[in-house]
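Shown next as structure tokens: one chain only, the form predicted on its own.
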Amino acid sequence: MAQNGSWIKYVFKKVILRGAFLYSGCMVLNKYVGSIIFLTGDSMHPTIYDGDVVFTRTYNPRKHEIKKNDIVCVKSPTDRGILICKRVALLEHEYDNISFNDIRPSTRIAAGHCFLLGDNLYSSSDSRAFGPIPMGLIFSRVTYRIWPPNRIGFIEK
């Protein structure tokens, strides 16, 4: 019986506690540093292709680190369970003079919002469909492509 007790203590100390530390460390890195995201779809062609894997930098709204032409991952305004990847076309207080297959009057982007566009305009559901999005929906900024190997490198703006 003494051996069983020591075996359980060994498993608890070595395996379970180390697993808990590893998990919590990964969660902290994901929340405060960045994450690795597998992208699907063709709305960002030719910059990002279907199947690319990218490293994203976590967005902190208090630092206002999003700039025009950055590529961001955003919680979808229509389905909050998924992330969409788009390019920031306009920031708050800029005028929306973008039209696509229709005539729209120029409007000013509201404070705390941004206007997103996909690089592949014909295959993208973006701010032309759902309007400017709140900056609070921005999850992260895409910084580096890590897959496929022949295209590894920083994402161009």
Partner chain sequence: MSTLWIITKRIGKVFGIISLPIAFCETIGHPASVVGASMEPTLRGNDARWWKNDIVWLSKIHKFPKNGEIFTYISPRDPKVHHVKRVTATPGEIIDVRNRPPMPLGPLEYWMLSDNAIVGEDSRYYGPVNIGLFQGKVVFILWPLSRFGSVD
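Positions refer to the first chain, counted from 1. Note that the structure is a prediction, hence the values are computed from the model and not measured. For clarity, a rigid core is taken as the largest C-alpha set superposing within 1.5 Å between two forms.
Not on display, but discussed next: the form predicted together with its partner chain.
- [ ] State yes only if every one of C85, D119 and W147 has a non-hydrogen atom within 4.5 Å of its partner chain in the predicted complex; otherwise state no.
- [x] Zero of three within 4.5 Å in the predicted complex.
- [ ] Classify A129 as contacting or not contacting its partner chain in the predicted complex by the rule of any non-hydrogen atom within 4.5 angstroms, answering yes or no.
- [x] A129: no contact with its partner chain in the predicted complex.
Open item on the list: Can you work out whether R18 and its partner chain are in contact in the predicted complex, taking contact to mean some heavy atom pair no more than 4.5 Å apart?
Closed with: Yes, R18 sits close enough to its partner chain in the predicted complex that at least one of its heavy atoms falls within 4.5 Å.
Open item on the list: Does any part of K67 reach within 4.5 Å of its partner chain in the predicted complex? Heavy atoms only, please.
Closed with: K67: no, not in contact with its partner chain in the predicted complex.
Open item on the list: Just checking whether F115 would be counted as a contact of its partner chain in the predicted complex - the rule being heavy atoms within 4.5 angstroms.
Closed with: Judged by the heavy-atom cut-off of 4.5 Å, F115 is well away from its partner chain in the predicted complex.
Task: Rigid core fit then G19 CA moved by 2 Å or more between the shown form and the other one - done: Yes, the C-alpha position differs by at least 2 Å between the shown form and the other one.
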